[in-house]
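For reference, the chain that follows is the form predicted alone, supplied as structure tokens.
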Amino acid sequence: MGNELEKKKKDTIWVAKNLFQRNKVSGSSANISFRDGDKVYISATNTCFGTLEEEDFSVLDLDGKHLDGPKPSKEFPLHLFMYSKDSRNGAVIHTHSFYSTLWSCLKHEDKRDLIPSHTPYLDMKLGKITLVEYAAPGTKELFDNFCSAMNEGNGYLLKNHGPIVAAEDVLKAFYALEELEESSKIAWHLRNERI
């Protein structure tokens, strides 16, 4: 069990640093977590993906009780909701990546299927993307809005804020997040074109 936990930590740190190096996150504005049994390891408040280390994880139980480590990201409830909605989810990533955030700022008629399927890969990796109405980061209103928007999918755009995705493990969450960002980029550039 110890080796599995260490692998999850190493994979999560690799994903965080990779996202930082590729300019998909900046400063301390993102958060990442993984589940290990009945515990959730989430990046602590004010941590930077570019310098994330093993001691930068806060440990919570599935009810949000702080068990160990530094203070968790204020958006930890979003992560817990993703774990509680589907027991297969083993990792959650929330960023403010550029094109996904741009796309979240537009007005959308269909809030349950935000991003056009210009390529097949978003549907293959993540499925339909749902919009979560705006509320200030870390607030009860945001958490309530997120709960109201939750459906069977694992990909969401927080309005004027950024994407949050869940998957079976952190590498699959990373791949899904990258596809969401790429699909948002394609949609942004083609938004006034007829395909």
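These figures come from a predicted structure and were not determined experimentally. A residue's number is simply how far along the shown sequence it sits, counting from 1.
Beyond the structure shown, there is the form predicted together with another copy of the chain, which is absent from this document and is the topic of what follows.
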* Asked: With the partner left out here, if you bring back another copy of the chain in the predicted bound form, are A16, N145 and M150 all within 4.5 Å of it by some heavy atom?
  -> no
Is K125 close to another copy of the chain in the predicted bound form, meaning a heavy atom pair under 4.5 Å apart or at it? yes
**Report entry** another copy of the chain contact at G50 in the predicted bound form, heavy atom, 4.5 Å
**Finding:** yes
State yes or no: in the predicted bound form, is some non-hydrogen atom of R35 no more than 4.5 angstroms from a non-hydrogen atom of another copy of the chain? no
4.5 Å heavy atom contact, K185 and another copy of the chain in the predicted bound form
yes
Taking another copy of the chain in the predicted bound form and a 4.5 Å non-hydrogen atom cutoff, the residues of 104-134 making contact are C105, L106, K107, H118, T119, P120, Y121, M124, K125, Y134
